[in-house]
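Next up: the same protein chain in two forms, each one alone, written as structure tokens (structure 1, then structure 2).
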Structure 1
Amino acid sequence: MKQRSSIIGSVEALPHRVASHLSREIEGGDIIPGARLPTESQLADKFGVSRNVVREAIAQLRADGMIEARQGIGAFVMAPEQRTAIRIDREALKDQRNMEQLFELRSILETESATLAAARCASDDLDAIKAALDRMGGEERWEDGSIEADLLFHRAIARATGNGYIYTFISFVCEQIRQSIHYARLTNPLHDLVEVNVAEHVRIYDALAAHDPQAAGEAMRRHIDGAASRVGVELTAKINRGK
């Protein structure tokens, strides 16, 4: 008898589990672009779930732009360059290599974001960034509220660039790294982590307030390197090895 995937029994929503599994098969090349997905019945049998669960999973993949449903024919895998949405599977971020790649992306985006923001930010932009920084170093610094303030700080910088696309992409990436901040707080001495993290953000803010693009970009780059190292990703060393 064919063995079914171990989807049943998970506390996580079944449609999400099925969609994540299929997503990993697509990203890993097990299901190639242009290929038709197995039928609902075949997928239900493979994962040991109902056809309703499969339908919801397929709908999620379609919303993520990974597949295209063709009436009366089936669902087909879209090539990466054809996709109309960006999605990062959070399950995939448990793989160290994928986390490294996410931090590389973050470094590229946020370093340039800080550089542009330093040149373009207005007084109200600086007020918003400072308000987030004050929350990070205030009474909430030991609580989860400081994580939201941290992400708000980065989104406020992106908004200060005046480029809506930069803001959209960085806001998206911020949500993907939320769990990495939780992980860093669990695996590092909290007092030391908070002090170092706040100090890094202060240096970024000071450079922005001084309207110094080079200093702001460098301060952000150093912060991203530090954030990466706190979850076991040595980003700078990896970049140097690639040269």
Structure 2
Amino acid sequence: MKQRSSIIGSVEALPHRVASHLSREIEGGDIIPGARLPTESQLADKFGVSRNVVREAIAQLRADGMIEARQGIGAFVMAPEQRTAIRIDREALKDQRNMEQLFELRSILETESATLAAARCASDDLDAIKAALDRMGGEERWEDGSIEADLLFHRAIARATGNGYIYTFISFVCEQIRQSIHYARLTNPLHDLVEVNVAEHVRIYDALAAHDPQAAGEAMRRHIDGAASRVGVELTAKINRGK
């Protein structure tokens, strides 16, 4: 079959490209909430793809609650508040300010996570956290393994809160940050900073093991601040949070 003339040449799949394009148009305000999208056929012509591809793209956006399609009428843009999913634009994180804000959110979640975990964690929770910590301090300080153990550590704490939503949200935010960092600079030895990083984790673990919520929370907050500065993000806007 002859190849249609595509909009852009890329490795990404067509539905994803169409979805991204529509998503940006909606996010950017080109199409206001409540407005109707062009028909599937029109979109197919516009992007130079088949109607089938357009439908798959719309299926993705519809799953997020970004648009709503009604049979016989058309597809409509929905208000951004009633999304059924949270999605973070990886591109936006290249902006230092956005990364800073995401770190601030992470700080909030993780600080409280550590606080709750200190009060609730059982012995097996502590074992899991300790295991992750050992992996970090162990021989596999090389790039990937270390980062993986780092995430494992934080997830283990989140799990120790006993709150599945906290676990989900923290996992998500951390993963977004990790991938964004990993993408920005692939090589990151800096062994002296690794030592600092491990030391911060040890302090968190000690507070958790002592079941001291306040100490755990503060250790975690300092750690996130440190982690942020280590990747070049300064949480300048530090407020005198209720401490």
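When a residue number appears, read it as a position in the sequence of structure 1, where counting begins at 1. This one's a predicted model, so the numbers in the text were calculated from it and none came from an experiment. Here, rigid core means the biggest group of C-alpha atoms that superpose within 1.5 Å across both forms.
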Form predicted together with the DNA - structure 1 or 2: 2
After fitting the core, Y205 CA displacement of 2 Å or more between the two structures: no
Yes/no, F169 Cα shift of 2 Å or more between the two structures with rigid core fixed: no
Rigid core superposed: H21 CA moves 2 Å or more between the two structures: yes
D45 CA shift between the two structures in angstrom, with the core used for superposition: 9.0
Per-residue Cα shift, E68, between the two structures [Å; core superposed]: 3.9
